[in-house]
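Okay, so here's just one chain, in structure tokens, the form predicted on its own.
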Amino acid sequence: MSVLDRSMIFAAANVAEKAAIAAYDWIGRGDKEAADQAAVDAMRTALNNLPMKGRIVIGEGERDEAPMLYIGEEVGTGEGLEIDIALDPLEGTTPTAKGMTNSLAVLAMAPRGGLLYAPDTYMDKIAVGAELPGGVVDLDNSIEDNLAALARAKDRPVSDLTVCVLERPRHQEIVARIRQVGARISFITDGDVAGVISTTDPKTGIDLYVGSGGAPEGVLAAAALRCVGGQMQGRLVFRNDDERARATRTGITDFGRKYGLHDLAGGEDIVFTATGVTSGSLVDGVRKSGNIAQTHTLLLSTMEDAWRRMRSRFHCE
């Protein structure tokens, strides 16, 4: 029996839509901090109107760094279900500020304990889509071995595979090795939540996601995969003692642990929603005409075996 009811599923979508509309006014204006703040303010207001005892487990940072939507903050009316929330009010602040593609307002919900309470550090990640043998790729294997195994599972040559990689200097070596075995690379400049999800959508042509990105985004991506199928592994990356201390405060003691999909998002009931701020591979961006805003939202849940894309219209003040 589902714990999250249908009304909460669509309420989650509405929260992401409000954040995306708020960020719209900052598209192309070169101020990523203002764009992010607008999305944060709108998302927090919408969350506090929901009948729940909500707790942020993935948010804008720790309390001393983020005045709102910080990790551990309680949101909602204080009545109803105890719900853990992972969020990124504006995934892709730079693309928004520069008027580029693939910026999103992202939110995931699960009953208390259903999402990893992760620190704000980096995470090594690997992900593939659904309908593949279990364990077809592994974070501990070389990229060459993973591509060979994936090619066998898909009955295609390695040269026909496409790997999604976040374009960062730290990925130069793995990019070179991917190209050496003949696979294609599809770079993304930001937004590795969308990158991970792209492995599950045949229209994108992405077969594998690999690389190092934010741990919070890893939990959000895992929530999406739980809804639509796929495999994912992640391992936290610590650059200094301060980041290890952050992990300790969230209850993490095994710093070298390899997390599987259900470790990252283990709740029986999970809702994931992403609304486009600017258009991208998953959804279209916000469109405004006068006081009317139109949004495009991807809404997934473990309770519904479907990809649901919604277009909504809002009257704005």
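We number the residues from 1 along the sequence you see. None of these values were measured; they are calculated from a predicted model.
One more form of this protein exists, namely the form predicted together with a small molecule; it is left out here, but the text below deals with it.
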**Request:** Determine whether any heavy atom of F238 comes within 4.5 Å of a heavy atom of the small molecule in the predicted complex, and answer yes or no.
**Result:** no
**Message:** Taking the small molecule as it sits in the predicted complex, is G214 in contact with it (heavy atom to heavy atom, 4.5 Å or less)?
**Reply:** yes
**Request:** Answer yes if any heavy atom of Y117 is within 4.5 Å of a heavy atom of the small molecule in the predicted complex; otherwise answer no.
**Result:** no
**Message:** How about D207 - does it come within 4.5 Å of the small molecule in the predicted complex, if we only consider non-hydrogen atoms?
**Reply:** no
**Message:** Can you work out which of V228, L166, L139, L150 has a heavy atom no more than 4.5 Å from the small molecule in the predicted complex?
**Reply:** L166
**Request:** State the residue from R177, R156, R170, R112 whose non-hydrogen atoms include one within 4.5 Å of the small molecule in the predicted complex.
**Result:** R170
**Asked** Hey, of 128-136, 240-248, 78-86, 187-195, which bit sits against the small molecule in the predicted complex at 4.5 Å between non-hydrogen atoms?
**Response** 187-195
